[in-house]
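Just one chain is shown here, as structure tokens, and it is the form predicted on its own.
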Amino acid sequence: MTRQIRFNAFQMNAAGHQSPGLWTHPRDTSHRYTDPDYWIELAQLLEAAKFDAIFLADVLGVYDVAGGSVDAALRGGVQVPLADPLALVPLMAGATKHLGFGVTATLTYEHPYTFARRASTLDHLTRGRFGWNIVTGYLDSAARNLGLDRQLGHDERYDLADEYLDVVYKLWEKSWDDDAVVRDKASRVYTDPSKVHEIRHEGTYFRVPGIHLSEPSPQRTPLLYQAGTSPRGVQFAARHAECTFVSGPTKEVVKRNIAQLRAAVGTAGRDPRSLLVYAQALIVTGATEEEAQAKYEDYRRHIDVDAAIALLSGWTGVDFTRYAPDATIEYIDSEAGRSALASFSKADPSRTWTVRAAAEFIGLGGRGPVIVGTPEQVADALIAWQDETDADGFNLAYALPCESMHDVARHIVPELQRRGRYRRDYEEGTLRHKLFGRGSRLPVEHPGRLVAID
């Protein structure tokens, strides 16, 4: 059977995501991010193009590493101002039937007991189309604004995350039996108390004695997304993730990251193919090669290098304003985002990255490749990336949020469908069922199903 390509739309509830400066483009509409119609229109466009999901990034802090100030981020619209992505889910779900919603929620700063209820609520309201992108955070500014001096160390954040997942698994999977809610009007029993169980969790970071507040949702545990290719991040993904995202400027980097992830999943006792991997990419296309190239050059003229340096500095925890633009980036073991820095230095020894080159590269679509060309050329490139890296699909960044997605829907999806490399319709069912075709629940061998309550 021909392997199909999958798409997610990589968005953020903000005026700027991963193309700093492009908000100045005459055709940009990202300032409409506070308008509900903006998100409804985008969701309907993505569903018509049969995208797996809209994937919403999020941070709880500001990018204040560059120059030790938030000024560059504020001037350049670098992921600030920023609104809550979870609030968008019911809005878009009400306007669609099949599109999935993968939403970033930082576990480091919210108690698992309250988050579990929020996730169950969204899974109910979407009829089982909700997914959680599990992140531990990487901005010290978030920690400071939540009452801490600084964030936990990189690996300790993952230690906390492992226990956090144990808590929410117990709440989602073990607290309520499938038949606990009886709604028996004659006997005046809504829920059978014998079928609802306290989880009695006592751990290093959390103590949660009681029951889950919500009855089981269609998926119980939302579909689990994760990103991060540091050694500790890979270990975490091997245990928990069902879908993961990788970013890298070359096929070699992405191929190596995917191979490491699949090997780790196998070592953890799971089927390596039970993990769907989406590689980040930006597509710039047009009816002709000349049109696509002109559009690409037009976008590049709007890149804000200073804003891109603010973004890169926040990702990595390294203040790149202290270095000359032509200085070579060296791998530095920081407590922020190790994968972000490694993708420009240690992970790709075939290329020398300067501060300016890295800023200009992420200035259009972040840390993935920019694929430019006609629909036929882009389809060729996507198929080559999938075949050579073992990616299952692509997490599509944008230059202009609506225009970039519209171009993919209009030009690329039909070409891939013509070649038999892209779905023509959705299956019925929950997000997990649509992606894996095996029901709505976590697979029986997943740690979330195996966790026990005392």
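In case it trips you up, residue 1 is the first one in the sequence shown, and so on. Note that the structure is a prediction, hence the values are computed from the model and not measured.
The same protein also exists as the form predicted in complex with a further copy of the same chain; that form is not shown, yet it is the one meant from here on.
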Heavy atom contact within 4.5 Å of a further copy of the same chain in the predicted complex, the stretch among 321-329, 298-306, 241-249, 221-229: 298-306
Assert contact residue (a further copy of the same chain, in the predicted complex, non-hydrogen atom within 4.5 Å, options Ala384, Ala87, Ala294, Ala357) equals Ala87
Ok, Leu60, Leu416, Ala409, Cys402: which has a heavy atom sitting within 4.5 Å of a further copy of the same chain in the predicted complex? Leu60
Any non-hydrogen atom of Tyr113 within 4.5 angstroms of a further copy of the same chain in the predicted complex: yes
With the cut-off set at 4.5 Å between non-hydrogen atoms, does Asp28 touch a further copy of the same chain in the predicted complex? yes
Using the partner position in the predicted complex, report whether Asp71 sits within 4.5 Å of a further copy of the same chain, counting heavy atoms only. yes
Glu215: touches a further copy of the same chain in the predicted complex, heavy atom cutoff 4.5 angstroms: yes
Those residues of 202-220 which, in the predicted complex, come within 4.5 Å of a further copy of the same chain by heavy atom: Arg207, Val208, Pro209, Gly210, Ile211, Leu213, Ser214, Glu215
